[in-house]
Each structure stands twice: as C-alpha cells, then as structure tokens.
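Shown next as structure tokens: one chain only, the form predicted alone.
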C-alpha cells in the first residue's frame, strides 16, 4: 500500500461536553478528511474523553477517535475494557493517548500501556462463539489470565471484554508528555522538534503550514503527517479540508481498509503481543 499522509487534530475545548457542539465539530473533522481526532490534552481533559469517544463512535464514519487517558483517573483494567468497547462501536477506529496525571511520572503511563496490552492479549480473536443453538457463548480455552505485574500496576484478568478488533487500539504519544514504551504507533512532535528516527511522527502544523515543505518531509520519510490543535474549529476545519484536497494523491488509503490500522498502514507487530498470548 502506498504511504498515507496522516492528518490529525487535537480537540480539547470544554464545549466537547455539549452534544450539539461535539457532533458538529467531530463530523466536520471527519468530512474535512482528518484521520485522527485527539480528544483532550495534557492539562485539559473536558468531561471524560473515553466517554466522548464512545458516544462519537457510531455517529462518525472514518475518523480515528483518540481519547487522552490520564493515569490520575483511569486504571488499566477499566481503560482496556472501555477502549475495547470503543473499538467495536467504531468498527475498528479506536486509538488512545495515555498521559501521566498529577503526581505521576511518565513511567506510570508506560506501565498502564503494558498492563492494558496484556489484558487485550488474554483473549484470542476467535474466543467468542455466541451460538444460540448449541448454547455456547465462548471457547474458554481461548481466554487466559493476564497476571501482569509492573512497577505501578498489578492486574490478574481476564478482561471482561473481548480482544479489540484491531488487536490493540493505536497508541499515540505526545512528545510534550512522552512515555517510553515499545510499539508507539504515532508520536506528535513538539513545536520545532526534529523527527525521531524510527518513529512515525506527526509535525505540528503551526500557522500557515508550508505544504510543499511538508510533502518533501513526508516523501523523505521524515514525517508521517501533520497535527493541528483546533482553536477556531470552523476556520481550522476549512483550512484542513483544503489541505487534504491538495494532498489527494497521498490520501487514497482513507477510503480503503476496514480498520484504522489498515487505512493508516500501521499494522500491529507480532512482537508486541504478550508472551503466551493467542496470536
């Protein structure tokens, strides 16, 4: 598959708790061609981003939903369960951006990621049977305990929710609040920060982004796309729609693939699946 130029945006306004406002902006972002909507930001978590993502999942069509998940209020078990539900509700468009809550360091966020992954890997993708005639709901031999023990979290499992459609929802990190964990799918760079070798990086757009320069960086493999922070959604979405249209030759994958991972060309590596899991 040809590489897909990713367009991403943070939406962190407190108006996200207003259904009419959120519906208008999220569907506007979807129509503008944005691939990822990061809901909330470090220090600004309107309402509950995971609740907003679950609410938005069946109301949007193509956009990836990336709730910020704070270690201050979320436990790995509940995060894994909620993100699995969002992935099913959105037909495989869930992602997440773990962030360290007040009083926590980024090691806690990394530990939350590892614990959640171990819970998702406790279910084989074909564990659910749901056969009314035979009365069989699932194959118990394909569900196992996690027994994860990290520096901050200890979870036994199994998770009371099936493995997400994508295996693991996309993992997004913000370089302004980094955590060190293998298999981060996308990194949002800080303003002026150079691309990180070996990472799929999103460059912050800034004011009046230089399209030609960004295309050159993309073609050189230095960036995977661009990230905006919406400050005036109406004007910003019109600008992004024009940007998306101008990049149409790099954007055809958005209309193909059944999950967000497939459309963005970010497959789940077998190396990330917990030892002993059902591959």
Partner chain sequence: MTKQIHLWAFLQGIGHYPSGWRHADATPEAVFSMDYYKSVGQLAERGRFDSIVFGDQLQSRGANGHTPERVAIPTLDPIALLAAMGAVTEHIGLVATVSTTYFEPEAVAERFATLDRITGGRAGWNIVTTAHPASAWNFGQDEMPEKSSRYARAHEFVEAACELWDSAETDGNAVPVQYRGQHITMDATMPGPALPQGRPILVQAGQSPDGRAFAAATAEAIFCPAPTKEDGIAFRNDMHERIAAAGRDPEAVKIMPGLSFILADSEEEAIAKDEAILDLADEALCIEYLGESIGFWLGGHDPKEPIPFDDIVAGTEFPVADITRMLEKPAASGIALGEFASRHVRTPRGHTVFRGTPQQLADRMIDWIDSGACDGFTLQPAYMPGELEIFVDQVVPLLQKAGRLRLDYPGPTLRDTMGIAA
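Numbering follows the first chain given and starts at 1. All values derive from a computational prediction rather than experimental measurement.
There is another form of this protein, the form predicted together with its partner chain, and it is not shown here; the text below is about that form.
Novice: Give a yes/no on whether residue 12 approaches its partner chain to within 4.5 Å in the model of the complex, heavy atoms considered.
Specialist: Contact check for residue 12: no, nothing within 4.5 Å of its partner chain in the model of the complex.
Novice: Residue 139: heavy atom within 4.5 Å of its partner chain in the model of the complex?
Specialist: Close contact exists here: in the model of the complex, residue 139 approaches its partner chain to within 4.5 Å, heavy atoms only.
Novice: Does any part of residue 54 reach within 4.5 Å of its partner chain in the model of the complex? Heavy atoms only, please.
Specialist: Yes, residue 54 sits close enough to its partner chain in the model of the complex that at least one of its heavy atoms falls within 4.5 Å.
Novice: Should residue 267 be counted as a contact of its partner chain in the model of the complex, where contact means heavy atoms within 4.5 Å?
Specialist: Because no heavy atom of residue 267 falls inside 4.5 Å of its partner chain in the model of the complex, the answer is no.
Novice: Okay, which stretch from 184-192, 199-207, 169-177, 68-76 lines its partner chain in the model of the complex, with non-hydrogen atoms inside 4.5 Å?
Specialist: Flagged stretch: 68-76.
Novice: Is it true that 234, 237 and 259 each have at least one non-hydrogen atom within 4.5 Å of its partner chain in the model of the complex?
Specialist: Answer is no for this spot.
Novice: Note which of 230, 32, 45, 223 lies within 4.5 Å of its partner chain in the model of the complex, where distance is taken over heavy atoms; exactly one does.
Specialist: Flagged contact: 45.
Novice: Select from 151-185 the residues with a non-hydrogen atom within 4.5 Å of its partner chain in the model of the complex and write them out in sequence order.
Specialist: In sequence order, 154, 155, 156, 157, 158, 159, 160, 161, 162 come within 4.5 Å of the partner.
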